[in-house]
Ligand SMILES: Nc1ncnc2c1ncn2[C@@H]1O[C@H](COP(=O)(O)OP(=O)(O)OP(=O)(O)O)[C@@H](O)[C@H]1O
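Before any questions on binding or motion, here is one chain by itself as C-alpha cells, the form predicted alone.
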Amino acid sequence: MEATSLLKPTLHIEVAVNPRRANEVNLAQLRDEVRQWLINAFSTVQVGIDTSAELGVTRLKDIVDCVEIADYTGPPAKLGHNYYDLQSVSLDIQTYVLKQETPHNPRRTIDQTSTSSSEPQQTRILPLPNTAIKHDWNTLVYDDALPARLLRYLVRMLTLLKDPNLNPTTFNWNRLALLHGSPGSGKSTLSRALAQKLSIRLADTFPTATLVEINTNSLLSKYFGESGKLIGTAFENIFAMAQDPNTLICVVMDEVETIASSRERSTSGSECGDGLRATNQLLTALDRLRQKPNVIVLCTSNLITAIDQAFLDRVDIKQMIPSPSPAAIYDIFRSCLNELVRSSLVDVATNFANPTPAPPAPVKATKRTKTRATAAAAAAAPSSSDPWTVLESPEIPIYSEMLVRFATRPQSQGRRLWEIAQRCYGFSGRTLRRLPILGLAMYTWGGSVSLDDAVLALEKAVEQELEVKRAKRDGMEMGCE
C-alpha cells in the first residue's frame, strides 16, 4: 500500500502591496487577481523568485511591489530542485504592506545615574512586517531547508492552539522555541526573520503583529534584587500588549542564558543569588504567557549547557543551528558575489570577451518558466547584428547547476568558488559574509574589477583567514606543552 503524505502540496505566495495604494485595494480581490495571473503566465515556478518583473502593463503593476514564490509545503517536487507545477499545487496567497521602523521614544534622554532601566534600553519594538528586516530571510543559507521547516512548525503550532474547539490546558505547549549553536551561525537573524514570516503567513489569523526584541543584558542589574524586577516589568509590558487577541506578539531573546542560567550552578558555587532570582522570575513570566495563544517566544543561545533545566523543560522546539556546510558556504559566497555584480561594483563585461561554450540548461514548459536566470538571460540576449554571442550567465550559478555544467571546467568561476568553499568549512556565517567584500577592499585597486578578479580576491582573503586560524591553533598547542 502506497503511503500518503500528511502535507497538502501548497505554494506560499507573498504579495507586497505598494504602501501608497494599500488603502485603495480590496485584498480579497487582489489575491484572486494574483492567483489568476500566475496560472495564466506560468506553468512552473521556482521557490525564492520574485515574479513581479513579468507583470508588464497589467493593473497589478501599479498595485504590488513584489510577488514572491516564498515557500513550498508538501512532498518533494517531481520537476527538480525547487521547481513546481502550478497545476499540481494549491496556492496560498498572502498580501502585506511593509511598515517603517519607528524608534520608540526617539531622542529620549537617559539618566545615567538612575537606578531603573528605561524601556528603550531593554526592548526594541517593531510593527510587523517591517522594512528594517525585510532582507533577513533571503540572507539565510542552510542545508535541508531549515528555516522553512522551522516556519512550518511554528505556523502549525500557532494555528492549532488558536482553534476555538481546543482546550489548550490539555497540552503542555508554551509556544517557546530555542535556537542554539556556535556563534555566528545566524541564530539571531533567523529569529527575526521567522517573526517577519509569521506575521505574513498568519495574516488571516492575526491581522496585526509586533516584534519585541529583549536585550537580556540590560535586564541584569548591579543592584541586588533589581534583575528580577526588571524581568518582571519587561514581561508585564508584553502581557499587556497581548491583550488584543488579533495581534501576534513575537518575542525574541538573544543569549537567553544571561537570564536563564542554571540555578543549580548558582547555589553550588559562589555566585550571587540575584541570578537565581532572575531565572525564577523568567520562569514565572513564561508560565503566565501560556494564557495568551497569540504570543510566541524565540530564544537563542551559544551555551545551551549553561541554561537552567526547568527552562529547557518548557521549550517546545530545541533546534540546533549548525555552522554552514561547504554547499551552504558556496551559496553564501555566490549570493555575495552576485550582489556585487548587481550593484555594478564588479563588472562582468570583461569575463565575456572570450566566452567558453557551456551546455545549455534544459527548460521544459508549455508557458513561461520563471527562474533566477530569466532576467539575466533576457538582458544578455544578443540582437541579430551583434558580433558576439554570450554563452554564459553573468552570475555565479547555483550549486546544483555548477556541479552539472562546470564539473569538467576547473577554471570556471563557479568551480573555483566551490574549491574555496570547501576550504572554509568551520567558518562562521559572519566571517563568510565579510570575506567577499574584505577581499575586494584589500586585494583590488579600483578601476574595473572583473568577476574573475573578485573570485581571486576572495581566495586571498580566505587564505589570510586560514593563516590566522593556523597561528591561533599553533599558539594554543604551544601553551599546552
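Numbering starts at 1 and runs along the sequence shown. Model, not experiment: these values are computed from the prediction.
Just so it is clear, the following notes concern the form predicted in complex with the named molecule, a form of the same protein that is not shown.
Report task. Indicate whether the named molecule has at least one heavy atom within 4.5 Å of a heavy atom of residue 184 in the predicted bound form. Result -> Looking in the predicted bound form, residue contacts with the named molecule include residue 184, since a heavy atom lies within 4.5 Å.
Query - 4.5 Å heavy atom contact, residue 71 to the named molecule in the predicted bound form - result: Judged by the heavy-atom cut-off of 4.5 Å, residue 71 is well away from the named molecule in the predicted bound form.
Query raised in the report: Any of the heavy atoms of residue 95 lying within 4.5 Å of the named molecule in the predicted bound form?
Result: No, residue 95 stays farther than 4.5 Å from the named molecule in the predicted bound form.
Query raised in the report: Would residue 188 sit within 4.5 Å of the named molecule in the predicted bound form, counting heavy atoms only?
Result: Within the cut-off, so yes.
Requested in this report: Choose one stretch from 139-147, 240-248, 305-313, 198-206: the one whose residues place a heavy atom within 4.5 angstroms of the named molecule in the predicted bound form.
Outcome: Answer to the contact question: 139-147.
Query raised in the report: Of 231, 346, 332, 126, which residue is found within 4.5 angstroms of the named molecule in the predicted bound form when only non-hydrogen atoms are counted?
Result: By the 4.5 Å criterion, the partner-contacting residue is 332.
Requested in this report: May I ask you to choose, among 255, 85, 401, 226, the residue with a heavy atom within 4.5 Å of the named molecule in the predicted bound form?
Outcome: Filtering the options by heavy-atom distance leaves 255.
**Report entry** Residues in 404-442 close to the named molecule in the predicted bound form, defined by a heavy atom within 4.5 Å, in order
**Finding:** Heavy-atom contacts within 4.5 Å come from 429, 430, 433.
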